[in-house]
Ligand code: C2E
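As a starting point, one isolated chain is supplied in structure tokens, in the form predicted alone.
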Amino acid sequence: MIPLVIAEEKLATELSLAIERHALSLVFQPKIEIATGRLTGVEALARWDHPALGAIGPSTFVSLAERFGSIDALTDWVIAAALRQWIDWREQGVETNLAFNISALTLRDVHFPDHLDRMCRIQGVPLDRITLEVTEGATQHAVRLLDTLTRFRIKGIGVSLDDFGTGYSSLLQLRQLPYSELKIDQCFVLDALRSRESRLIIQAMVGLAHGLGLTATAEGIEDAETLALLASLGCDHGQGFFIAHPMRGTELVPWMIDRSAERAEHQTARAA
């Protein structure tokens, strides 16, 4: 049996080569405005299909990249690939917001906002179309990250607190750090129809977000009833399998066309 450390080092080396050779891929999950159903943005998600091991989950390969020193290369690849896809969408008449997850290690680099600024300007992507999603775990050392996150906000780049409600320092982070969006974790959303407690928590989170001048986004929407419930609770945006599964960049525009046709047909039926 190969020792675990050696196996991890081998896999980390293969990940570095995959990044260098552009052997990773991106999928994009749409986010909609709940009140209208219109597309408001997409979240870029990295995927690694290993030639021998098959699909390796992001939590696994991001952790490898952080521990074995390739997180900067991975971050740059994701951003560059996502920006190129955004340009393709714009050429097809679609200009939407683009979000991607950022590692805690990357956030500690005070020069990263300027680096991202340059990447966007080279590609011609407006900074106000970009949102960085950071988890509660990534922002445990809030004071150390305040300068970096403030630089993003000054540039017009959005900062979203992902998986809100699953950590112990959420409220402190909301007070200390300059977020623009709060993402309600799917553990509350998935249980909202059955659990009065989950509904109350979601309602409180939405009220908290609005009171702080943030938008509230619900993750994990898997049926029409949950979407309607979130609308009644005043939640701004939503994403989940009921709205759309993560898709390749080339699939977004056809999805939008199909969704627009479905909404028009539904509105016609309601008016009849």
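This one's a predicted model, so the numbers in the text were calculated from it and none came from an experiment. Residue indices: 1-based, along the sequence shown.
As for the form predicted together with this ligand, it is not shown, yet the points below apply to it.
- Proximity to this ligand in the predicted bound form, defined as a heavy atom within 4.5 Å, holds among A80, I201, L190, L172 only for L190.
- This chain lacks the partner; the member of S70, Q29, T215, T226 within 4.5 angstroms of this ligand in the predicted bound form by a non-hydrogen atom is Q29.
- By the 4.5 Å heavy atom rule, the three marked residues G37, V94 and D236 all fail to count as contacting this ligand in the predicted bound form.
- Heavy atoms within 4.5 Å of this ligand in the predicted bound form are found in exactly one of 148 to 156, 172 to 180, 115 to 123, 94 to 102, that being 94 to 102.
- Among heavy atoms of G220, some come within 4.5 Å of this ligand in the predicted bound form.
- Contact between L45 and this ligand in the predicted bound form is found at the 4.5 Å heavy atom cutoff.
- Though the partner is left out of this view, Q186 does reach within 4.5 Å of this ligand in the predicted bound form, counting heavy atoms only.
- When this ligand is considered in the predicted bound form, G41 lies well away from it, no heavy atom lying within 4.5 Å.
- Contacts between stretch 221 to 258 and this ligand, counted in the predicted bound form as any heavy atom lying within 4.5 Å, involve I221, E222, G240, F241, P246, listed in sequence order.
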